[in-house]
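Here we start with a single chain on its own, the form predicted alone, put down as structure tokens.
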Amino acid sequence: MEQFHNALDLIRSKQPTDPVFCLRPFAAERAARWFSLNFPGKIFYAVKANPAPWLLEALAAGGITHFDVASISEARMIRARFPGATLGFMNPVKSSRAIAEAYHHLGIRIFALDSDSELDKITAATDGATDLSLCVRLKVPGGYSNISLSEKFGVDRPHAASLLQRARQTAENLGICFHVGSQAMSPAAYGQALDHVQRTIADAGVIIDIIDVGGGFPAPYPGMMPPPMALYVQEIAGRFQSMLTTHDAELWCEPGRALSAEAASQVVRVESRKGNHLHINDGIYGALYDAGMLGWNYPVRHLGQAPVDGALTPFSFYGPTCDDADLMRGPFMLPDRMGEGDYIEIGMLGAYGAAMRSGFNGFDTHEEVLVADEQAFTMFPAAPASATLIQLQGEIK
């Protein structure tokens, strides 16, 4: 794979006509190492955030040995790449065939569920196995998060007690898991959820071996600057110490975005300008789904050959497809002189970027290169240790 110091070196050298992902494996390894050193429990990487081999290898180099898989395809892929890894099948709704393959052929013993029917399915598909770690997913409030994940999955508290009691009879290890929502903007999200867990355990009167706080750990974006990651870990660790669990209960987490977001950016080319709309060569059917469908405001910088003076102008982006929905409103702040042939680096696309590409309308071609510079933002600076959130502002010159 070609290597460049930064994105500007890339465009000077190649003048690419297709989108280019600028990969930073060192950033993923750094984030993984931070979690490995600071989170007092087991870290399951949420593979859905980015399953790229280069990223998985970087996370493994940073100490990640546990993986949260949501499909049998993810489970097969991780088992083939990391034969000795621990896999948790954490999608609360799975097919019987997927459960059976996961248990009998892939050696998976950890399964999430949120209903009696799923518990019955797991029991039948594993032939009544007695070596299961079953994590009952609890519905918890998601008010602190940018994207709520409390509608599709999770058993509510009135029904949780009976499900936990049933699962206790089957499980070798019984856990409670939850998801506070994607991009949790306050550590209080986990404190609130763990209070909910504590009350549910008291209702059920069962012994709990695992508390899995799920994902939701944030990455920094324009307009979404979270507190230092250390405060999230402190909140979780403090609450866990007083939980109604066994003395040797385990604490788990499932970060996805936090481990992968800083590991890639994307260089796009402006194909046309219409007012303050820039038509670029990628969009919501490519790596920019979140920017269009969820209003995500990624950091952007013009890859200029010379310094640009003066205030920046708000732009929106249109993607390359024929679909009117291929719109990213932003605002994305760039120099007013932007026009056809200019290049833009869009940051923080290591999470839910390349993994979301669909190839719709034939726009499925992109390149990948390695770069050595830092992203626009980081939650995990190498130094100084006290600077837990650094913004690297300005254009690349």
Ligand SMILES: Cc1ncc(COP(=O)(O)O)c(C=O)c1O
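Fair warning: this is a prediction, and the values are worked out from it, not measured in the lab. Numbers for residues come from their place in the sequence shown, where the first is 1.
Another form, the form predicted in complex with the ligand, is not on view; read the next lines as being about it.
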Q: Just one of 321-329, 74-82, 250-258, 264-272 has residues with a heavy atom within 4.5 Å of the ligand in the model of the complex, so point it out.
A: 250-258
Q.
I'd like to check something about residue 200: if you look in the model of the complex, is any of its heavy atoms closer than or equal to 4.5 Å to a heavy atom of the ligand?
A. no
Q. In the model of the complex, does residue 68 have a heavy atom within 4.5 Å of the ligand?
A. yes
Q. So in the model of the complex, does residue 301 come within 4.5 Å of the ligand, heavy atom to heavy atom?
A. no
Q: Although the ligand is absent from this view, report whether residue 90 comes within 4.5 Å of it in the model of the complex, heavy atoms only.
A: yes
(Q) Quick check on this chain: which one of 46, 371, 346, 59 has a heavy atom within 4.5 Å of the ligand in the model of the complex? (A) 46
Q) In sequence order, which positions of 177-210 have a non-hydrogen atom within 4.5 Å of the ligand in the model of the complex? A) 179, 182, 183
